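The structure tokens that follow cover one protein chain in two forms, given apart as structure 1 and structure 2.
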Structure 1
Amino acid sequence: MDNMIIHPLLKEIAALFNAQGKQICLVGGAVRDLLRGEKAHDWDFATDARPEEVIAIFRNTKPRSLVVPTGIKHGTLTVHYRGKALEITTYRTESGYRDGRRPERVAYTSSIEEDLSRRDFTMNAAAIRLPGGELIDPFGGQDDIRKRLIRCVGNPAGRFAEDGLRPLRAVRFAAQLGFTVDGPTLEAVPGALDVAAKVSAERVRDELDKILAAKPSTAFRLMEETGLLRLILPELSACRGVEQKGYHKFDVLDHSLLACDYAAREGYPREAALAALLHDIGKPAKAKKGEKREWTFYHHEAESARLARIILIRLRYPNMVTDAVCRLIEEHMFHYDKSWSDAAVRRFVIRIGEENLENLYRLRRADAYAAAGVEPGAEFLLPLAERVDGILANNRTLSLKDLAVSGKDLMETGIKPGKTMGIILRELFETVVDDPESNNREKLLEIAASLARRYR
């Protein structure tokens, strides 16, 4: 740390505080990243200045700063300064964690060491005093970072009793950083499950998203070992021991985790990553032994989509994300062969939704990889993708709005709005799916007139 280069903006911020006789330190993930030799992305600060004093410090800065009281109850302000969002918190101690998440009482202190003592893990409990760059590390965080170790500050059971999110953060950091969770820290997790159960669905969801973007299997296996998986995702936990011999090398849980790791390694978007995690959770309910004693899972995709919807709603995912993930899961068992007609390919695109095609391909690649841990070849799904690309290049009639006629056009021919008009529009659409050349106004109005006579 003696050779630590302090960013000029950090020195500038420190000068604002020092001019008022106040201390300020860089804390949290930024310090952890710097100690790991990585670039710090977010800057969080701790100071002995009270919130009202922080507001006063930034009141007359040039350029002008915006101060937002994002967590003023706990001494935290967000300051927008020179294009950066700076989270600045007054040194504090905490007590009373009845809800298992937030302290009931906060007391300000003048000591950075006291402030660091309330933090979760040693790697997050170091600070850099500004502007000089002195490392303050009362709990051996730098040494634990060298050892690649996640260890609670103080007694793990006490730390987890304060905040039920901390056990999940521990396994998430293991997945993100490739660190090992310290033995006593890991052993304290099962005893904290009742506190973890109090954490809001939104906070669990955010941690899950971070896990899916890291090396998911590391976190999920630790969750399984400690009981967190059964608490948070019991549907996924139930996949352990569900064998798939004859189709897959692994049981359903290991298969799902391999698919997740593949999705993370390939940088899949959130919808595809969630689908990789949940695509087979319906298999335990659909498992049956066939005539040759092999396991079968007929229609498991529908059950998996049903359970996935329950999970995603429970975890407060946005409706658009939930719908997209469930669509991917529901359709992931499609079987393409070259005998498909162009109309069949068009119906495939319409059923999946053009916006979901790339993620469906991604899910199938992850699923194929996870069957035996072998990378699918470059040509995997290529024939289907080429057919789809050709269809999309030559025909854009993928929904009713792409028809050359509308309900208004049909009304002008005397067809009244209502159930019959809806039926006629759908039949016109099916006609165009089968024969794209028929998508012209004159032809469709002729067909519509014929249909209208039939439905009188």
Structure 2
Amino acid sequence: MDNMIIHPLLKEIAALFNAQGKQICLVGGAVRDLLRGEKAHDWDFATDARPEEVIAIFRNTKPRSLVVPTGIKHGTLTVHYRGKALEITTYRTESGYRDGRRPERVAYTSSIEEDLSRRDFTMNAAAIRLPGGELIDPFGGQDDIRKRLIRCVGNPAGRFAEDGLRPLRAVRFAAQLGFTVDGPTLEAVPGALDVAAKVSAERVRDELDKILAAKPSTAFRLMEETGLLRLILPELSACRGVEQKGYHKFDVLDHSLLACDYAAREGYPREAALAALLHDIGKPAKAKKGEKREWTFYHHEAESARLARIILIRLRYPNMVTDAVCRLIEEHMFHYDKSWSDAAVRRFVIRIGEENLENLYRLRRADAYAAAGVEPGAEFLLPLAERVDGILANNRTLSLKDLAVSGKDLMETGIKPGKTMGIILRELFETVVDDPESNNREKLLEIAASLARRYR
């Protein structure tokens, strides 16, 4: 490539391969980034060296390197060298995509052009040969990048039939790069839904996470248009046309997408982003006409949390993520005002979990933005946040283990472990949440003794 400055580390790696008579090219996202004039965010390499030869090349480097067989079935190794993780894949063709999921076997090849022909989109199918920097671009990737186009290498229907994740990758890249999906490529998506349905939930989830961190509405609108949304998130697709006049002007789907875009723009963590996507997903089931013929959605937050759990389990999100997202959704309708007692604030924190508070505020900001289309001010939720901080600074009785007495203390007074003990500890905890002053040993033992008499 003209004017390209090859990073010294790339030259060094090229020298290691060339010394063994092997080729090495930069491929994938790194080339795409460089052609877009951006700094490459990570380095993927392709080589005609077989995996065992790559291992040998890095055996005695100075400084030392560590080779991890991260995708050895597909010929991929990750080499940790000079503080970088380098993904190195042997040139290959793919054959035997029988189920639309993953190639059943890989065949290595010694031709970079052949390797590039198996790649999904033209913008991902160019290579830069090292150390010289010569561009190998058999499918017009550079041109498409200039036109900001996402276009399949070869026949779109055929390429989607090989791997049903590709349609979702196309819309993900549209959201990440702000590119347009080329007409014939987009038009081939509806015909590929059967294959897309067979893709593993984990691969879909990883794309969804990338979409949520980019400009989500771009991807979700393309998904809706092509049927991918109804396939992957039918619950969200059902939010289209659910009007909410009286609250705001958007239907539930557009409102959810606005909330997601806001979450992405603000760099919210995954839990808050997922909650922004799913917080109103129970509304279609809870929509009822009120007395003045306005729409109401009573208790939609519980239904939204119920559906969100089903969705997140289906997409194999970790349980910790699922639990946090559902908690946020379930609690997103709180109405704070300064008449709340300190005990009410403490109960609020206990119910939500201190670790989820920040994300709950974030969700409410995204929700407020998406209702009005206007950025909430810096003072938004500030009275509540300050109140919570003040109360937590003085008193941190947030769980049973913060009580001034333990189960063991109660046993010493003759209360037997078991159900009654559990009830007594719970009541002591409620007492302390209402009145933090009562959190001292003597007082609690006294209350416990009187409770024990009642339960005997």
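Take the two forms, find the largest set of C-alpha atoms that superpose within 1.5 Å, and that set is the rigid core. Because the structure is predicted, anything quoted here is derived from the model rather than measured. Numbering runs along the sequence of structure 1, starting at 1.
Chemist: Could you point me to the form predicted in complex with ligand ATP, 1 or 2?
Modeler: It is the second structure that is the form predicted in complex with ligand ATP.
Chemist: 2 Å or more on the CA of residue 31 between structure 1 and structure 2, with the rigid core superposed, yes or no?
Modeler: The answer is no; the displacement is under 2 Å.
Chemist: By the 2 angstroms cut-off, has the C-alpha of residue 85 moved between structure 1 and structure 2 once the rigid core is superposed?
Modeler: Passes the 2 Å threshold, so yes.
Chemist: Indicate whether residue 73 shows a C-alpha shift of 2 Å or more between structure 1 and structure 2, with the rigid core used for the fit.
Modeler: Indeed, residue 73 is displaced by 2 Å or more.
Chemist: Once you lay the two forms on top of each other by their rigid core, how far has the C-alpha of residue 50 moved between structure 1 and structure 2, in Å?
Modeler: With the rigid core fitted, the alpha carbon of residue 50 is displaced 2.8 Å between structure 1 and structure 2.
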